[in-house]
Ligand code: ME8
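Given as structure tokens, the chain that follows is alone and in the form predicted alone.
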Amino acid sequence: MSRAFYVTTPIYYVNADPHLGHAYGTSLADTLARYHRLAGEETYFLTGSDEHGEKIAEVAASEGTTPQSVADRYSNAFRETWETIGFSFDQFIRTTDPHHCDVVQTILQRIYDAGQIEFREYEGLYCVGCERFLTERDMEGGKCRDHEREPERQKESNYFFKMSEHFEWLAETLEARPDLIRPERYRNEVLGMLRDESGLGDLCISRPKTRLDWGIELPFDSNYVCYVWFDALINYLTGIGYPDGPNFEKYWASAEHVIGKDILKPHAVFWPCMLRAIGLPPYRHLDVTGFWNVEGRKLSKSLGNAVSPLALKERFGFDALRYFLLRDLAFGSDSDFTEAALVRRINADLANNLGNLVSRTLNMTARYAGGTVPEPGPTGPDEQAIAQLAATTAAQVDESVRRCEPHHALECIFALSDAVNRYLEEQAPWKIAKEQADGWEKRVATTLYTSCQALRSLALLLAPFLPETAPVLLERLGIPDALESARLPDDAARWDALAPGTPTQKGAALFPRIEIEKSN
């Protein structure tokens, strides 16, 4: 297993403000980065903004301003939103960065010199939203599937990357490496594209300046700028120091791209073929997410149904929102967003399950053990079962995260929390304390000790998913610095790591229940 980990989000297109779909993908990448850091792997997390192309020029023209001004405004909006939320990215890259432009031109020249680019005339149906020519499989009812607008017929001379020369290699690679694209159905979709002779061809990688001058100029023809997708994909190389940065080879060998399914083709077809033409191996994994929908339609700037992550953060807190996003959308599938569903998930899992367990354990520890982790008495099968479940859960979470299945990892974590809640109900330490039969103190101490140990395991496992909440719980358990030395999954599986006598704090509810106002 590589001891390095490199994760990227798509670089977000800067023609409108960030919405909930962007926040979901970035939350997923952030969770992966946090987990791999806690696993002791040298981790790099890249996000950023995609700033060239026709859509930016369209917005600028409609506002009577410059494309650079539009790019600056929305790029800053993305960066400030992600910083406000607290994402742990190592670099926020912009495709207008001079270094990135230099790298793009270097790669273009290299591929051109290798005979992989040729000049030809082309006529087809062009979608400004996609900024590319469409095939029949890209349309439904004569409109672009993604943007629900009719494409324009265009005919012009452009430069083409001989992408089709790499299709046989790409199909063989996908067959040999079934986990290259995850989940599997998206790999199968790409294989279907490659087998459909009418669906794919060579890639137009230029736009004439007479039509569009907002882009990176081709190094071999100053009358053209680079196609925005060819430019944008290269950010994944620029961000880690291509071609000769000291960490480039290490990070590229462990590259994992998190993307939405609407940009599958560029990442699963264009990008591997580009990499092969450059002389680089493909990424390690392409992790493809589904859509968050509102009333059956995907969240989209162009469709006008975007939901603000900052507005939801203000109302519910971002850990709660992040939990909902990662838990309710099974990786790769679609899900419908409603505030009612968000509130139900917060109340059921975060308030009633985890929050209730924390409150009961620490309140009883204060009441019956003087506010410190008690010295346990003899343990029995029930306590041993909880300890074994914590170890099993740590292994399951590790496996799920490495498969990029955060919903399953969270399901396992909350199954552990649920089991400890049941354990408390069955042991009923409050009843034992009230009855005060012989040996009651040791029985209560054993139960609370077991629950405190379980809370420690839960806090460590939740740290990548709930980065604001987990440190609060660890502080209440008297181990505020635990994350500084923790190594997942092993430390979460360790039992008896919380020493008797460690002072604990009760504190307010981690996640207060949310009451929905009923209309009259």
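Start at 1 with the first residue shown and count on from there. Since this is a predicted model, take the numbers as computed values, not measurements.
The same protein has a further form, the form predicted in complex with this ligand, not shown here; the description that follows concerns it.
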Given 108-116, 309-317, 442-450, 226-234, the stretch touching this ligand in the predicted bound form at heavy atoms within 4.5 Å is 226-234
So in the predicted bound form, does His267 come within 4.5 Å of this ligand, heavy atom to heavy atom? yes
Any chance Glu54 has a heavy atom within 4.5 Å of this ligand in the predicted bound form?
no
request  = Using a 4.5 Å heavy atom cut-off, state whether Asp262 contacts this ligand in the predicted bound form.
outcome  = yes
Although the partner isn't part of this model, could you tell me whether Trp214 comes within 4.5 Å of this ligand in the predicted bound form, counting any heavy atom of the residue? no
Of Gly290, Pro208, Gly245, Gly377, the only residue with a heavy atom within 4.5 Å of this ligand in the predicted bound form is Gly290
Restricting to 42-81, the residues within 4.5 Å of this ligand in the predicted bound form through any heavy atom are Asp50
